[in-house]
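The data below hold one chain only, encoded as structure tokens and taken in the form predicted alone.
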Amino acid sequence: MCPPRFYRVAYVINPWMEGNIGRTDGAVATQQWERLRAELARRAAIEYAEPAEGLPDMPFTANAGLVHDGTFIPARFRFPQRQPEVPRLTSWFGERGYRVVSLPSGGTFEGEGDALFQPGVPLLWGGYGVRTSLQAHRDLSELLDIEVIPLRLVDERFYHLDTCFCPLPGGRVVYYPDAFDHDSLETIRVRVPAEQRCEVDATDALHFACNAVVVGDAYVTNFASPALQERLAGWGFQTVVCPLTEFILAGGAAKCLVLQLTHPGARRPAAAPRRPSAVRERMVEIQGDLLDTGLMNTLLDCITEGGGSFEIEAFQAGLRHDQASLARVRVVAPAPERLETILTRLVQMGARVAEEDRDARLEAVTRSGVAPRDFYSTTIYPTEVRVGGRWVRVTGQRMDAVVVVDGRTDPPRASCRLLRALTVGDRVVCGIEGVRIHPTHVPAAGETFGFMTADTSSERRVELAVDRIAWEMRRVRDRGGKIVVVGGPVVIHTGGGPHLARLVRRSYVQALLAGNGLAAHDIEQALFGTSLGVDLKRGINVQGGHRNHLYAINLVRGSGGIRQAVERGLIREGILYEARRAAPGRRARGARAPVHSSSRAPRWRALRGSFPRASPGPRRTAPPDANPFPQPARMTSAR
């Protein structure tokens, strides 16, 4: 461990640090760290590294490197702010007799944050996709002679594996499923039986419940819900909660503050067979207008979205805008199958597998209308295949077909053919070896055709985006920040009005920027349950409901304004109602907003001119519930 003498949030290298620069309390952080240290000291021996001024993240010692059987493998940090920590901590281990071995590849590696031993087993879980590269896990497997299981992280809030995954003795694991991609979740579920897995929810995950130090039967963490504590108790673990809120401001908690020096049982028995790393890599080359067209970005996105990582070995830009650029990229994937999938997509974008001067692999059809299992699926772009040492242009080019090679002619002929047209004995191109594409246009990221890809598609899952926005809003409110909502009538049309009103009521929103439309539709909904005469609950037009919009406007005009309509009790719910209540005692005239009654309160800026104001007249003396205007068309269930 490393005392937090100089700890603070001084820069932003993860989402948790956003908005927290200068907000840490050094005294509170020291108290929280000391309590964690005391709990651990009762259960284990602790050694300490001296902190250094100017290195505020040194207390997060889990990222310093990885220790295994007397060997220290130092980190290779992605961000320059943390890189000066490495020589200090490397010297610390060298002075104490550890063998220091650096990773041979050039990939990034952030220590035990992304490399967690399964207690009592020669098995290492490796996180990648945000900070640590896949190459590092391949190197660890070879250096330590143990099996490494790569898990891809897909949520930047969980940028290290130890923020969302905790292995326990007895082959058990605690983890947050939404932090991983589909293939990684399948890997966990295949390797760990259901009765030994504990999947936590967002509440536990966002309070760093998985970022725990396991010592004996103690599970030491910042937070644990009753459900998690009950599950751990059923496994024989005692939950020890040590609040570490000051460190969460920087994106870390209990496990981040501890680097484990011993891992009993982590050495592979001599009699046990060695499992080679499943990580595979290939070099690809691509030539063309890589910069202006965005093709380079599209290629790299294709690699990462396919679950791989990359190293740019060389990039030579054209000297003029009409000259082609050339890139050599090393593609790394966690398994041979995923590498093949990624390479297939890259080949279809015009890339070429660099080491390949081999002919295309041909397999014979054994059943009419059925291609070999790993057939090459064609695109609309001109294609060549290598047969007998020469490149042959494919004829009849079309999408979603296979390439059939007729070797009885000289030169050989290759053509596209539909699956249903295949006959027994046809030789079909399989895999990507010996295939070359000449794309006339490569879609940019997000441009490719596909279902549910439009930002506004109702078929897309939006829960993840909503969850992320909600998390950001909570953090802004907790640090006393302000949130401005820019809204239009679509908020009401799509049923979002009650939800935005609730956010206003709960002090999540401090300013609303909108025109007449939002106010008019919101008040129509509050009065009649419709928007432009459409019943928002049933999605149907109300007979005569088209007049509701005008009745709403007229009611506000007759009241003298929105404020007066709210004060008289004519408007009793909705966004504008909540906005008015959030600004009590201030005049609506001139669009000035009063101070919110809540202690968090920021100033509300009311809508200016949302309704044309009627000429001033004598103040009405009707009772609050009175409505001096004609009754509009109503639903039978109207309020």
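Remember, it's a predicted structure, so these values are computed and weren't measured experimentally. Residues carry their position along the shown sequence, with the first being 1.
Although not depicted, the form predicted together with a small molecule is the subject of the following passage.
Contact check for residue 63: a heavy atom falls within 4.5 Å of the small molecule in the predicted complex. Interface residue remark: residue 113 is counted as part of the site for the small molecule in the predicted complex, having a heavy atom within 4.5 Å.
Put simply, residue 131 is close to the small molecule in the predicted complex: some heavy atom of it is within 4.5 Å. The small molecule is not shown here, and in the predicted complex it never comes within 4.5 Å of any heavy atom of residue 522.
Contact with the small molecule in the predicted complex, defined as a heavy atom within 4.5 Å, holds for exactly one of 82, 76, 330, 361, namely 82. Scanning 252, 497, 167, 307 against the small molecule in the predicted complex with a 4.5 Å heavy atom cut-off leaves one residue, 252. In plain terms, the part of the chain that comes close to the small molecule in the predicted complex, with a heavy atom within 4.5 Å, is 152-160 out of 378-386, 510-518, 137-145, 152-160.
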